[in-house]
Structures are given as C-alpha cells and as structure tokens.
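Here we start with a single chain on its own, the form predicted alone, put down as structure tokens.
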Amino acid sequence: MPGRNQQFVLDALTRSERPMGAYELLELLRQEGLRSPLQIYRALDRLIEEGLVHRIESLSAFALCVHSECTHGRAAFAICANCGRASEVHDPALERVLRRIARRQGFRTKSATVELSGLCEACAHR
C-alpha cells in the first residue's frame, strides 16, 4: 500500500495524459504539502520499486505502469515527439530478444526499457 506522498504522486500520474518530470509533479503537488524535490524523488523511487511507475530516461520523466502483465523493470514505450504521450507496450517476443542479447553478452539484466520515438497515430494523421 503506497504511503501518503506515494499516493499523491500516483494519483497525479494517473490523471496525467503524458509522462511527468519530478519538478512538474512537485509544482502540481505543492498544494498537498509536498515542498521538496527529495519528497517527490523518494515517492517515485518507492513506486518504481513496487512496479507501479516507470522511468522514461529520454524524457527524464515518469509514467504510470498501465499493464498488469508488466514484468518488473522491463517495459517498452512508444513516445510521441509531437504531443508527448507515451504508450506502454509489452511484447513477449521483445522480452525474448532482450534476454537473448543479454545472455550472449554474459550480462545479467537488472532492468530494460525500450523507448521508441516518433509520432503517435493521431499526430501522424494531422
């Protein structure tokens, strides 16, 4: 069960139509009593540990995990360069390819996030 600050952050990400940065979250949640970036980052770290949130490195932002079949620490995102929306995608074939690559390299994967950048269907047809 998320703590108070984690719940505020989780609710904000749930309402958002796109990934949000820590400072965006802080600005949004100041009215709830969150005053320091450290409070936001601690809440995000805990939510990531619980598998409820993903970090999207290329955006320096965080997104709500929307797939119940999400493997902790593994996700793929299709990120629209125009509107900023990020769709979480899961594909067992991609999981197998990533495991095979890691195995060939003798690498033990802690996490894997694939980020596709381009235009979403709505923006591509504008």
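Residue positions are given as counts along the sequence shown, with the first one as 1. Nothing here was measured: the structure is a model prediction, and the numbers come from that model.
The next section is about a form of this same protein that is not shown, the form predicted together with a further copy of the same chain.
Can you tell me whether Ser58 touches a further copy of the same chain? I mean in the predicted bound form, with a 4.5 angstroms heavy atom cut-off.
Taking the distances in the predicted bound form, the answer for Ser58 is yes, it comes within 4.5 Å of a further copy of the same chain.
Although the partner isn't part of this model, could you tell me whether Val114 comes within 4.5 Å of a further copy of the same chain in the predicted bound form, counting any heavy atom of the residue?
Output for Val114 is yes: heavy atoms within 4.5 Å of a further copy of the same chain.
Does the 4.5 Å heavy atom contact test between Leu38 and a further copy of the same chain in the predicted bound form come out positive?
So Leu38 does not count as contacting a further copy of the same chain.
Taking heavy atoms only, is Arg30 within 4.5 angstroms of a further copy of the same chain in the predicted bound form?
Answer no; every heavy atom of Arg30 is more than 4.5 Å from a further copy of the same chain in the predicted bound form.
Using a 4.5 Å cut-off on any heavy atom, which residues of 90-124 would contact a further copy of the same chain in the predicted bound form?
Contacting residues: Asp91, Ala93, Leu94, Val97, Leu98, Arg100, Ile101, Ala102, Arg104, Gln105, Gly106, Phe107, Arg108, Thr109, Lys110, Ser111, Ala112, Thr113, Val114, Glu115, Leu116, Ser117, Gly118, Leu119, Cys120, Glu121, Ala124.
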